[in-house]
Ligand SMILES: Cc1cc2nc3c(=O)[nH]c(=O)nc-3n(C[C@H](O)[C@H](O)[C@H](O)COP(=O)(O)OP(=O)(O)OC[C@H]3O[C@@H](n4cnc5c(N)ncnc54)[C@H](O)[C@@H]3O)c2cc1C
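Only one chain is shown below, in structure tokens, and it's the form predicted on its own.
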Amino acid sequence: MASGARAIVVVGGGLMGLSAAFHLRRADPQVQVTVLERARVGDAASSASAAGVRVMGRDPAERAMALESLGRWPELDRELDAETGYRRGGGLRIALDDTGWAEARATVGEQRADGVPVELVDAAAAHRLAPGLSPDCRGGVHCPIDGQAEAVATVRAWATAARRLGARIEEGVGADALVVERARVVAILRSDGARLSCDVALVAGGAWSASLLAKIGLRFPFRGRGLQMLLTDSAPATLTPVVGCFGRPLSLKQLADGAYLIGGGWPARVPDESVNRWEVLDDSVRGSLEVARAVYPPLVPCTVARSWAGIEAFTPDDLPVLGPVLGVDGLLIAAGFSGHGFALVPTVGDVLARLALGLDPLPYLWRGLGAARFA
């Protein structure tokens, strides 16, 4: 990308787009940055996220980026001059049976080879890390640098920081089309009918990126899925790490106010992928609670105070699409994070800004995540 770019439009006011806007303005205060968000910032998947900040258990293609991001999270509140609710309490994924214990033992070596600081822990150590775990716990894998944040607070923090640096964030205005001339994006047609010229268009529209890109003949296999979250009433604070389980879908956190946040990829119904509407499924609520209570019995007396879902863009390989598109200059994509993009936000925004401004894009961090694999 040429270094003379002076007008950049970000399509999508979720965490990826907001991080890109922040990094763009921080790297070059002269560049004009406009974020178009068809609803309100973070209204879709970003604010509905489980807000896990982890490197443990990731695909090898994401590990370098996750490690880079986790290195920034402890100082992110200071960097943004806003609160994200981040806490580094570690991550613990346990095994309740022989199959899970075998999987736990098998995963440690290859993660450590990539620099992920995980360790195999026995049942006694697992119970010390998370008192109250099921008596069936055989042990598990612990990662001390994993943690959690608060989704809504994090969205607000990035938006506040981007605005403070001079990014223009327009809510209630979407992008109807990309304008391409001589194989280069030159403008965005806004939903209010206006044409917004740009040197670079950065598409970070989550599950709705595919339809926008299809209008210029780019077919990406993004598929919107609803991911359900449950929030319980408050309980005494006893759980420090984020807890998962081999062979069972679970992401369990206890928040600062004592409430438990339960996820793990349980599906919600999405009646129409073109709009941000979802329906929580009773079977998913029951299944999620059963798994969470089996892993962590102190949850048994807790009741569900609230349930919701976020519509996330998935790809066939469950890995994001990040970077430029061959044959279309001035276009960058950041979509398809498949339910595990939250922790990566600091580094994704940095990479996108570098690509847009012609700086070193740190390719070693996102090798294997480029658009070419779906070209």
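What you see is a predicted model, and the numbers here were worked out from it, not measured in a lab. Start at 1 and count along the sequence shown; that's the residue number.
Here the subject shifts to the form predicted together with the named molecule, a form of this protein not shown in this document.
Q: Ok, A201, A159, C245, A175: which has a heavy atom sitting within 4.5 Å of the named molecule in the model of the complex?
A: Only one option qualifies, and that one is A175.
Q: Exactly one of A64, I311, V31, V328 has a non-hydrogen atom within 4.5 Å of the named molecule in the model of the complex; which residue is it?
A: None of the others qualify; the residue that does is I311.
Q: Flag G52 as yes or no: does it have a non-hydrogen atom within 4.5 angstroms of any non-hydrogen atom of the named molecule in the model of the complex?
A: Yes, G52 sits close enough to the named molecule in the model of the complex that at least one of its heavy atoms falls within 4.5 Å.
Q: Might L227 be said to contact the named molecule in the model of the complex, defining contact as any heavy atom within 4.5 Å?
A: The answer is yes: L227 has a heavy atom within 4.5 Å of the named molecule.
Q: I'd like to know whether M16 contacts the named molecule in the model of the complex, with contact meaning heavy atoms within 4.5 angstroms.
A: Because a heavy atom of M16 falls inside 4.5 Å of the named molecule in the model of the complex, the answer is yes.
Q: So, in the model of the complex, is D59 in contact with the named molecule at a 4.5 angstroms heavy atom limit?
A: No, D59 sits far enough from the named molecule in the model of the complex that none of its heavy atoms falls within 4.5 Å.
Q: Under the 4.5 Å heavy atom criterion, name the residues of 107-131 that approach the named molecule in the model of the complex, in sequence order.
A: Nothing in the stretch sits within 4.5 Å of the partner.
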